[in-house]
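First, one chain by itself: the form predicted on its own, in structure tokens.
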Amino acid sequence: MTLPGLFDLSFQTRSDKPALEWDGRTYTFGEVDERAARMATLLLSKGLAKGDRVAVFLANSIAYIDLFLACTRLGVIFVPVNVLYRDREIRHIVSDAEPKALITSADLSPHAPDNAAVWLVEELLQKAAACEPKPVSDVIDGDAPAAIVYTSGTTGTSKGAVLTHNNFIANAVNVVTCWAFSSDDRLLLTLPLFHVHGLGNGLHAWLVSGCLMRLTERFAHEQAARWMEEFQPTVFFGVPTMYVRMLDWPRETAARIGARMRLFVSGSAPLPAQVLEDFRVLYDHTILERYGMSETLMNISNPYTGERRAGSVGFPFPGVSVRILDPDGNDVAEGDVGEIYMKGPNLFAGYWRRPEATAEAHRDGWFRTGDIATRSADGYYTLQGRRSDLIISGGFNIYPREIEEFLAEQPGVVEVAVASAPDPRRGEVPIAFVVGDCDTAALEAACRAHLASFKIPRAFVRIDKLPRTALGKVQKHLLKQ
């Protein structure tokens, strides 16, 4: 089975059921299916064929869904482009993926590189509406590429992770099963569809479960509370920065939202334990934190039924094998720190046209995630940060996540990130960047009272906000600058 066959479970058996709320209108599954068929017919008429790439540089919209579904039916490889990217970043993706076209909107088209064949989505929608909605499917191999998702590139040139139909299917089945999705759910999706969090979790959980989804262009803090009150979702996917903002909502609003909600999920960046606890008090819900990557989709998740442990990302998903290894490739003892290695049906097919990078990212058939973690005696995995974030100061290993979690508990601290700075005697030392109305002298005193001396940040820098990617990951390389 490929993605079109999996999605047909909703398109064919729930054709009359409300499926999507977008821009003030509700579409049935049958209407979503028909729109995708019209778009597939149009793309086919424009010369696209199986194996071609199409780059999509668009904000969330129903057109985004049309294009993704059409590409999966044609065997065309979908290449999502971050809407925050600009000339240099887009030029790299277009040069690397060599798409037949870059599909974008009129307002974003000035950022398209000169060497790209630009198709305006407004024109495509107009032409697709006049096409005959013929059933089209040219994919019979689940190992065929469905998308090339480019990594954030925070430590170098971004690479294209090739995700197959089988990768997406394994992920969707796990998400729907392990998080107890049903056709009775109501999903509010504010995450960007250019990222696997919104695309591989949100969009696919909706299509496989047959629930009702409201899609918004983005998460807007000043409007999100109203959306939740109006739509009354039962499931919400977010990133930590969203949940931090939701702590500012009135207690009465939070109580009403929490009373109707079934599941809050957090990912794409570490969720501070203090945020989880504050949210639990305000909304009467324990956020389910999970761990995924562009190269692997979802890997590990706290349980839907059972303890959702603060600071932990839980247990591996079904079919996903995980090991924690030391630099020599040996398994570490329970509680000891090492790098996460994994394999399973969720694992990407490799980096686009980069066999050397693909080989370097694997060891004996296991994918090297670059993430540092520990495993408890009862099997919970806890992330300690990226291997590249590890600070070695005077021979001591310092994991920034430990310091960040401690500082997040202190009065006045809204957000915090710890990065390294060069030091002539110790090699490098930790520096804390703090957002909030807090006393830096008090923070230092608290660290001296509760942390080992080598872990104490050598400076506390107050800033207005942390630099983040579109999905909320802190860009520590910018802090170091």
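A quick note: this is a predicted structure, and the numbers were derived from the prediction, not measured. From 1 onward, residues are counted along the sequence shown. In this text, rigid core is short for the largest set of C-alphas that superpose within 1.5 Å between two forms.
We do not show the form predicted in complex with malonyl-coenzyme A, though everything after this point is about it.
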| query | finding |
| --- | --- |
| Within 4.5 Å of malonyl-coenzyme A in the predicted complex, all of 245, 293 and 394 (non-hydrogen atom) | yes |
| 4.5 Å heavy atom contact, residue 268 to malonyl-coenzyme A in the predicted complex | yes |
| 4.5 Å heavy atom contact, residue 241 to malonyl-coenzyme A in the predicted complex | yes |
| Interface membership of residue 197, malonyl-coenzyme A in the predicted complex, 4.5 Å heavy atom rule | yes |
| Heavy atom of residue 260 within 4.5 Å of malonyl-coenzyme A in the predicted complex | no |
| Stretch in contact, per heavy atom within 4.5 angstroms of malonyl-coenzyme A in the predicted complex, of 87-95, 342-350, 186-194, 400-408 | 186-194 |
| Selected contact from 288, 83, 175, 228, since only one has a non-hydrogen atom within 4.5 angstroms of malonyl-coenzyme A in the predicted complex | 83 |
| Contact residue in the predicted complex, chosen from 283, 78, 219, 181 - any heavy atom within 4.5 Å of malonyl-coenzyme A | 219 |
| Any residue of 415-429 that, in the predicted complex, places a heavy atom within 4.5 Å of malonyl-coenzyme A | 426 |
| Core fit, then residue 50 C-alpha moves 2 Å or more between the shown form and the other one | no |
| Flag for residue 166, CA shift 2 Å or larger between the shown form and the other one after aligning core | no |
| Closer or farther in the predicted complex, the Cα atoms of residue 399 and residue 296, when the shift from this form is 3 Å or more | closer |
| Direction of Cα pair change residue 268-residue 390 in the predicted complex, magnitude 3 angstroms or more | closer |
